[in-house]
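Just one chain is shown here, as structure tokens, and it is the form predicted alone.
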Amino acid sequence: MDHDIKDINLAESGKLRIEWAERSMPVLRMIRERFTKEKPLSGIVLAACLHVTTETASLVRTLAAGGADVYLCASNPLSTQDDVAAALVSEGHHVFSIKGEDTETYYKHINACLDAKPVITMDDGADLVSCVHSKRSDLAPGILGGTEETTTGVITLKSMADRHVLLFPVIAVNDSNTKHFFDNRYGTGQSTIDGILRATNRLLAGSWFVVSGYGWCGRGLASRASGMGARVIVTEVDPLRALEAAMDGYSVMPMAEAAPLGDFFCTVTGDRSVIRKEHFEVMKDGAIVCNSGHFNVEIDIDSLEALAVLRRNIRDFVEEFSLADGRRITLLGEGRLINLAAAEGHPSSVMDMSFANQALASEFLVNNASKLTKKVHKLPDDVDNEIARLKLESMGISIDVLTPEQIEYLSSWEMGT
């Protein structure tokens, strides 16, 4: 297959929305200008498993400008914007993605990208790497390396590296400061609230909002929910993060104690079965449950289905489960990423930095893969700092530069005080 999308006739709508997104992506535009001249990815076949959104389209255009032949599939069945997929196909790119695709189609699309025999993989959740290692290991010798964008994916890949089963080096794009400090905190924080409000049209002010997980995504979500007037509860398993949440002014308690209190619940942990049967059994009538981690396994949906005597869809992305005692629990977006299922994902201005990291990580792999071990690597700090510098430049912000005297002072122990 050359592509598999919903409808090529949606292309014009997609092009306009990509144009709108690119207005807020100046760093990626600057990288594209250089890539157009230098062609650092010339001859590279690149398979990307990412959310097929307007921002991703800008990344695909940048990679192609650098000479790459890009094959794109979705990293989540509900995150595809069908008009964007059509726009990319109309420009000659290979896209295999349909919003709402079933599990069989989802993996058929992943394999379609791998059939192109990529030299670089680009992941948002490690699905390409996992598929190569579990079913397509014959492709591994031809792969220079991969990039990974999410916390969940990086955890998985580091575990593989620790067990010495990782077959090629991977750049942990998520570990770049210009990614997780901004994308995870500001992007996830805003877009998750956006998805919840689009799906429910409920008032957050005065409600109890339970955030499960206080990593960078949880920090951002708690901040935005609090800013909307919600009373925020944080649940955690890490004592340092729990302490930080408490000192940031939030209530901190186990999920068992939060479950009877919450009006809204959102998981952002990257783990499974965070909200389980015993929590559903004590939630109040009308509790709203959603996920903004990576996979829908964060919520034990099977247990909720088993408890329900009736289930019905009330609104788009809103499914109500009625329990035997008359309580109703609402699940948003099938437990998948609510910011992409019911909304449009992160704002383009923050994805500008995340995808700048992806583009430059690909270039870094082409130039350095032969020197890298089969482990998870961080993108060099000078690349991270250059992205930050370009972003500041695009915002019209300038900063101080160390004087020679200051540099000498910071690097010399002899000078004392």
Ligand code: ADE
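Residue numbers here begin at 1 and follow the sequence given. This one's a predicted model, so the numbers in the text were calculated from it and none came from an experiment.
Just so it is clear, the following notes concern the form predicted in complex with adenine, a form of the same protein that is not shown.
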Option touching adenine, based on a heavy atom within 4.5 Å in the model of the complex, out of Gly218, Pro118, Gly153, Gly345: Gly345
Candidate stretches 382-390, 361-369, 36-44, 49-57, one within 4.5 Å of adenine in the model of the complex by heavy atom: 49-57
Exercise: Leu157 in contact with adenine in the model of the complex, heavy atom 4.5 Å: no
Partner contact for Leu28 in the model of the complex: adenine, 4.5 angstroms, heavy atom: no
Adenine contact at Ile329 in the model of the complex, heavy atom, 4.5 Å: no
Any non-hydrogen atom of Leu63 within 4.5 angstroms of adenine in the model of the complex: no
Triple contact flag Phe264, Ile299 and Ile301 to adenine in the model of the complex, non-hydrogen atom at 4.5 angstroms: no
